[in-house]
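A single chain comes next, written as structure tokens; it is the form predicted on its own.
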């Protein structure tokens, strides 16, 4: 068990390590419980908003991330069939794999004194809960995520391809690698025998984009996924997907994990009440959660392709960033 001066953190991903670094910066200890002994590939868009520089800088790890030579993205393109919504990003975004970023954060936290314990721990009062997304869903057409890395021309844009009941993001990460990550309903995937390679063929634009690429790893999948806020014990500090799972198409998931983890670690270390912490996080995330929900509903209603040409891409980008 953690000593009385140590903040207990459940989960050693982005949010958990950010919480640990934040607690350590406030001269508290950090004990991070995670059954995984090392960083690993996770299903993730691996897109980091420009604002992530400030988040990583506040955690004291931006120079380490920069040393990984992440890919830079200068524009965004959203494909609705033949319709394309394109725009320049306000600042260059960053592509860095979860494997590399998770490893970087774990190493930094350990170097500064965090203790990693390779076991699961039940939530206790005052702990930071950063155990990831909820994996159960109500009956119905459940949603699953998938991801793989590819070699080939990486490009310098983040691209989203919306098909019939699915979407896929394509963006470069470090070392000239291209990450392909998406979401689709179980009924569609079952009809394809869960062949994600076949799913890429369903969109002509996506098929054309991935044709010169070669997959370099097996597909990873996760799910079922549940959007929105999580119901957690009132006396803990939930962070990352344990607080709220936002639509991956927003590209804000990794930023939100780092920011909420940093805030959770600071709150737990300083004795801020869990209630006050949650209010502060909601103020930051209320706008992107609402905007993502509206956009998701417009896609489900079939009006996304009609609205896309009239909405500047920078608006969609700005509305889904934390306040």
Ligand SMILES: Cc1cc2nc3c(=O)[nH]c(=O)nc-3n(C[C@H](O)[C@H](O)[C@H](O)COP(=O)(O)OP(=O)(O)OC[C@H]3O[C@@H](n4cnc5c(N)ncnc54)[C@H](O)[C@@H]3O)c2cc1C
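This is a predicted model, so every value here is computed, not measured. Numbering follows the first chain given and starts at 1.
Below, we refer to the form predicted together with this ligand, which is not included among the displayed structures.
Although the partner is absent here, residue 23 lies well away from this ligand in the predicted bound form, with no heavy atom inside 4.5 Å. Using a 4.5 angstroms limit between non-hydrogen atoms, residue 271 is distant from this ligand in the predicted bound form.
Taking the partner from elsewhere, residue 131 is found to have a heavy atom lying within 4.5 Å of this ligand in the predicted bound form. Contact between residue 58 and this ligand in the predicted bound form is not found at the 4.5 Å heavy atom cutoff.
Residues within 4.5 angstroms of this ligand in the predicted bound form, judged by any non-hydrogen atom, belong to 235-243 and to none of the other stretches in 77-85, 148-156, 198-206, 235-243.
Residue in contact with this ligand in the predicted bound form (any heavy atom within 4.5 Å), chosen from 266, 43, 289, 65: 43. The partner is absent here, but in the predicted bound form a heavy atom of 225, alone among 108, 213, 225, 189, sits within 4.5 Å of this ligand.
Contact with this ligand in the predicted bound form, defined as a heavy atom within 4.5 Å, is made by all three of 10, 35 and 257. Contacts with this ligand in the predicted bound form, taken as any heavy atom within 4.5 Å, map within 77-100 to 98 alone.
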